[in-house]
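A single chain comes next, written as structure tokens; it is the form predicted alone.
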Amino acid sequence: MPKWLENSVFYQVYPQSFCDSNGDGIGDIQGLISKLDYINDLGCNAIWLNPVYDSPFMDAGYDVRDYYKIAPRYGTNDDAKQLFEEVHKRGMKLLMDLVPGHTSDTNGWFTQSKQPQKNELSNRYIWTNSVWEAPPQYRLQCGITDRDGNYLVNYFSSQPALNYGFYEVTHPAWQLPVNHPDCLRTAEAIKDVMRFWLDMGCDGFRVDMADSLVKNDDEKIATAAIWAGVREMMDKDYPDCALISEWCHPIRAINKAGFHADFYLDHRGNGYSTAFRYYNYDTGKQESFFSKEGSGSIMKLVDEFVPNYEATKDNGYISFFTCNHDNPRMSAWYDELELKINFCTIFTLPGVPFLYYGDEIGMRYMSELTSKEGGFSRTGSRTPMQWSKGKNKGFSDADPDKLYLPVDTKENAPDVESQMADENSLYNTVKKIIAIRKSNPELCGNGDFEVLYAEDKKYPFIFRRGAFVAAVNPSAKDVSVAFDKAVKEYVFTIGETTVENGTITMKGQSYALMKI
């Protein structure tokens, strides 16, 4: 287990929207390098960088054309190497985004695989034996190539699924078992890609759709076995590098597949969703626990998270995030005070937390935008970082019509420079709580965690981290509950919290981190 993960706070960078260094309207690697000091000063000591590989960008880079080449719009492989070096000079780490389940249909592997003549890569992807065979339970592309067969995609039609085999073979004429040599070679090919970037200086990978490899694998037994093999390779050759999964099943991802951490994703109705993101589209009301409306429940989060935490804490971490490139920003539903309370809670829960670029200043979810590069509803969370009140909010010197996406031109659009100068800003709140977390080991990674108060449809939520207690009342109503701990120090507060005579009283929309 890489020791540095225990005290890590990640900053997610969406490269095309972060900082444009050459005035072409698209963010790039040199732009990111120029902002490393900003990320470090905020308190984030690790970066997750969304895909920067060569791509036709039908899915914003998650359709990889060449795993071994940086997309020209971001720079070169030499720029990537410089980025790794500059990150390490600052004592930071950087994870690249690994896309192992599919490629672009312009990838050289697929170009060879789709040839009518049998060749060494014919089975690199999943093909039926005939163009007339298209079982409806599979997402297949039909009649597109000269090869007599249809190919499986993971989702978008431009992303053919790589072939790791089928755990349960239901169509033996074209489905290969997981131990077929060609399926094993696919896994080795992905390991080679990982070695290439790890040797260059990358510190590991966040793995996209980590559970999608083997098909007909409902319990993910064979998929976990592939990742366990990857972990074995990393433990042997790259023991200080990390592997983090987009899976949202920590017992499978951490205990069985060997990932060092697993994301707690926003799956509709799960614990993360009902705590932070449960907007009822039918009624038009916010029903999340962390909304000031006060109509949510914390119990789904508690009932899911606590047993998963206990089951995995000795082997890895569960990662909460403020947002990511696939979700609406929390600002779609919450005001600045709500965001402060939400983020302070996230940064004092166990695990390895992730801060999405721009969330630290409360950037707006721009729902009015037209889809860009396969973004669709996600596009509004991918807009340019707002650095200042200058041209294009400091993101780029390009003409506005050349920008990757438009910047937020609303009069109240936040920016980094303004928030840095305001002691009470969201930016400074985030910076303070991250600093407190990192300076107290009990608040990091897998320190002690105990729920002290959580009741269905009731407030507040109180939990202990070693000698610290965090109490949060996101609702607009004042609340009081029995509390038998003596408070030695109020370490950080939002709103008003008092503890006396065996009772904790919290004004509406309050957060308190206390030492007991």
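Start at 1 and count along the sequence shown; that's the residue number. Not measured: the values here are computed from a predicted model.
Below, we turn to the form predicted together with a small molecule, even though it does not appear here.
- Only one listed stretch (389 to 397, 167 to 175, 288 to 296, 154 to 162) carries heavy atoms within 4.5 Å of the small molecule in the model of the complex, and that stretch is 154 to 162.
- With the partner omitted here, the residue from 300, 215, 382, 124 that has a non-hydrogen atom within 4.5 angstroms of the small molecule in the model of the complex is 382.
- Only one of 408, 415, 208, 203 lies close to the small molecule in the model of the complex, with a heavy atom inside 4.5 Å, and it is 208.
- Within 4.5 Å of the small molecule in the model of the complex, a heavy atom is found for all three of 246, 325 and 378.
- Within 4.5 Å of any heavy atom of the small molecule in the model of the complex lies no heavy atom of residue 53.
- Though the partner is left out of this view, residue 459 does not reach within 4.5 Å of the small molecule in the model of the complex, counting heavy atoms only.
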